[in-house]
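A single chain comes next, written as structure tokens; it is the form predicted alone.
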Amino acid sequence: MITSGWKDFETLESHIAREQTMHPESRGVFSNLLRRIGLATKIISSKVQRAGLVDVLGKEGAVNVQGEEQMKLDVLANEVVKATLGWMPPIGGFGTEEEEQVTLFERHEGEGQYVVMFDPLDGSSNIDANVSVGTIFSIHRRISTGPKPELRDFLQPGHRQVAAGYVIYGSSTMFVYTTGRGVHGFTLDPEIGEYILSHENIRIPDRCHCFSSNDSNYSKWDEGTKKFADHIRYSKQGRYANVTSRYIGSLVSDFHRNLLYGGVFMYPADAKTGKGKLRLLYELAPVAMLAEQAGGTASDGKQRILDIQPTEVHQRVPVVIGNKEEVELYEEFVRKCQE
């Protein structure tokens, strides 16, 4: 806790330290990992804020493992994450959305307890338009016991995450995370270079204020998804009378808005291919954990996102996420249309 004149405020550092005291057996390893993620995102934030001045806007010229053109800031953010976290003894390995293979480290006995997954710069296709982007992270405790982690350490269902969060780089930079005891948000104060607790114990408001979807894909949706979307958007009674459509195209931005205002975001499967667009491990499992900790939920239309057993590192799945009532309603529409 820091006192500045008459006002007391809590930093991310002190909040992590306070949470650590709830676990007398803790040696501070996990806390240090969270602090280091905070540092990496401060560095990325500074680069994002200066993007137009240091020639890092635009395309890099390469294509990532997803078949998408990499933006210069994508590559830079990825390197920042690797350089900031790669040396830490508690990290046995990490994977990023920008690289095909996960990175594995051979550590000494008692080290390498965790694997970390990142989307270093979510929404990067919006960079040149100065739209908010973000970093998403997910932390798992290893399940293998050797000196070097294995692929199965990464391919764990989301309910086994020990922490998840994101940082949104917009009009301000905000760090939002959970360790399974609620969701807390910290806003970066550029004057002192610290994240300050600004949103304690975030709960999704029990209302459907925003409906977020890429409507250009409407013709590709299955019948249940179309009926759900029409019901939310065009119903003029009760809960949906004042729903507004809001879609940015950056998962962090869309989810963050709905987390604070209430609503639902969806990126369903293509009806022909049955595949979704968003990545399970790098994007959806982390935000699903946050949603549930804030009183919401996330589903692929048939099952809870956090219960999906991953089969590959870059697996994509459909999603609807936000208020519990709307997600359950979506599952009901899908189920009825498949009967």
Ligand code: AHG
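Worth saying up front: this structure is predicted, and the values here are computed from it rather than measured. Note that residue numbering follows the sequence shown and begins at 1.
If you look for the form predicted in complex with this ligand, you will not find it shown, but the lines that follow are about it.
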| query | finding |
| --- | --- |
| Contact segment among 237-245, 101-109, 159-167, 119-127, judged by heavy atoms lying within 4.5 Å of this ligand in the predicted complex | 119-127 |
| Heavy atom within 4.5 Å of this ligand in the predicted complex - residue from K277, R36, H314, K47 | K277 |
| In the predicted complex, the one of L251, L259, A77, V115 near this ligand [non-hydrogen atom within 4.5 angstroms] | L251 |
| Joint contact, T11, Y177 and D189 to this ligand in the predicted complex, by non-hydrogen atom at 4.5 Å | no |
| Contact flag, S144 vs this ligand in the predicted complex, heavy atom cut 4.5 Å | no |
| Close approach of E283 to this ligand in the predicted complex, 4.5 Å, heavy atom | yes |
| Distance check, D153 to this ligand in the predicted complex, heavy atom within 4.5 Å | no |
| Distance check, N201 to this ligand in the predicted complex, heavy atom within 4.5 Å | no |
| Sequence-ordered residues of 163-197 touching this ligand in the predicted complex, heavy atom within 4.5 Å | none |
